[in-house]
Each structure stands twice: as structure tokens, then as C-alpha cells.
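Just one chain follows, in the form predicted on its own, and it is written as C-alpha cells.
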Amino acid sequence: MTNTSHKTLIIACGALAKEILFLKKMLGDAGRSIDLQCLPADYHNTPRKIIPGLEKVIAERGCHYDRILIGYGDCGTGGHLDAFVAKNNLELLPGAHCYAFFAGLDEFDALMEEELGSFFLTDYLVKFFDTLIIKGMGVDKHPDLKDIYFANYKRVVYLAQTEDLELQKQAKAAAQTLELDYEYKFIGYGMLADAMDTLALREPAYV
């Protein structure tokens, strides 16, 4: 008889959904012990919604899992997410934010040391740049906000998970829209891939 239960639930930002599902698939049978539930990616623009969103998922699904991991950094919660994780005996995926998930802490710190005024994009943020940045931050309706939001930025750094020429064109266009210099770095899945591999090794697959 097949046991269809799962031991681990990852609750993550919707901006990480495609990458986590890809890595889960790459794990093969081991990935079957891991489930994913994502919250809307636009919660980055309204971080006060993140913890209530996590609470809702945990209340509805948490009892079915032995382990829950949170796929967020602080993401604008002002330290409240760390407190929530500690209070509820949860775990965070490694990295202070999604850029560090992919680039790794050392690489990200080096990029920031090189140019503090760096605005980072991932594959997801490139695809939904207009929705999350231009419209999500109100720049489409109030163009003057662009100069306010991005006054201290000098460059756009595209931290690419895939070598997609079309996304590279879109990222460069995003930099031009923001009137910033553009830099491309292919970094793959970085710490997120390592974390998924480790998770699969620690948890048995149910087949």
C-alpha cells in the first residue's frame, strides 16, 4: 500500500515558487517528502500580510507535517518574522532574503561592498517587473515616485537563475526604465539548491 503522507512543508514567497518546484522535481523520489505552499509574491510590498498569511497556512495544514520551513528572509517585517519563527519552533531557509538564497551570502555581500546602491532582480522579478515594481509601487500612476524610490541606487544587478536571453533583454530594459546601470550575473540556484538537497537527505521519501 502506498503511503502518500508528507513530512515537510515549505511555506515560501511566491517569488520562489518556480525555483523550489524545479529543485523539488530534480530531487526525484526524495522530493516527494516535501510539499510547497506559497503566499502571494506582492506581499513584499505589504509585509504586514506575511505573518498573518503564514499563520493561516500553519493553522490549516500544519498538523499534517512533522516539519515546517519558512522560505522568507525578513522581507520588511522589521524582525517580527524571526520572532514568529522562534516562537513557533519553525525553521528558516538559509539566507537573509531571496537574493542571498540564490547568490549565497559571500557573493551577495561582495556585490553590496562593490556598490551599495545595487537594485537586484531575479528571474521572477524580471518577469513581473512591471506588475511588482512599476505598478506595485505606484510608479505607473505617479512617475515622480521613481526618482524618490531609486534616488540612491546606481545599478540594476540581474542575479539570473537561468541563462535565458529573453529575460536578459527584459532585465536590461528594466534598468533603462529605472535609468540605472545594468549588470548581469548568472548564479543558478545557489544556497536554495543546497538547502533542498540537505532537506531531502534528512527526510525519507515516501513511495
Partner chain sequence: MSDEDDEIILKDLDDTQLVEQMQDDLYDGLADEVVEGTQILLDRGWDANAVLTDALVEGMRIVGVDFRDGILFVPEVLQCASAMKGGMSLLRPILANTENSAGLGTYVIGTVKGDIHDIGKNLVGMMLEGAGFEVIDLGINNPVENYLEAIDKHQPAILGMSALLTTTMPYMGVVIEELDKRGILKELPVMVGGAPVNQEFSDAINAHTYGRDAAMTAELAKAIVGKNR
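Numbering follows the first chain given and starts at 1. If you're wondering where the values come from, they're calculated on a predicted model, not measured in any experiment.
This protein has a second form, the form predicted in complex with its partner chain, left out of what is shown; the following refers to that one.
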Legend entry - Gly138, heavy atom within 4.5 angstroms of its partner chain in the predicted complex: yes
Inset, instruction - Find out whether any non-hydrogen atom of Ile148 is located within 4.5 angstroms of its partner chain in the predicted complex, and reply yes or no. - result: yes
Inset, instruction - With heavy atoms only and a cut-off of 4.5 Å, decide whether Ala86 touches its partner chain in the predicted complex. - result: no
Legend entry - Partner proximity in the predicted complex: Lys169 to its partner chain, non-hydrogen atom cutoff 4.5 Å: no
Legend entry - Answer range among 149-157, 27-35, 60-68, 178-186 for contact with its partner chain, defined in the predicted complex as heavy atoms within 4.5 Å: 149-157
Legend entry - Full three-residue contact with its partner chain in the predicted complex, heavy atom 4.5 Å, for Lys18, Glu55 and Lys127: no
Legend entry - Residues from 161-187 in contact with its partner chain (non-hydrogen atom within 4.5 Å) in the predicted complex: none
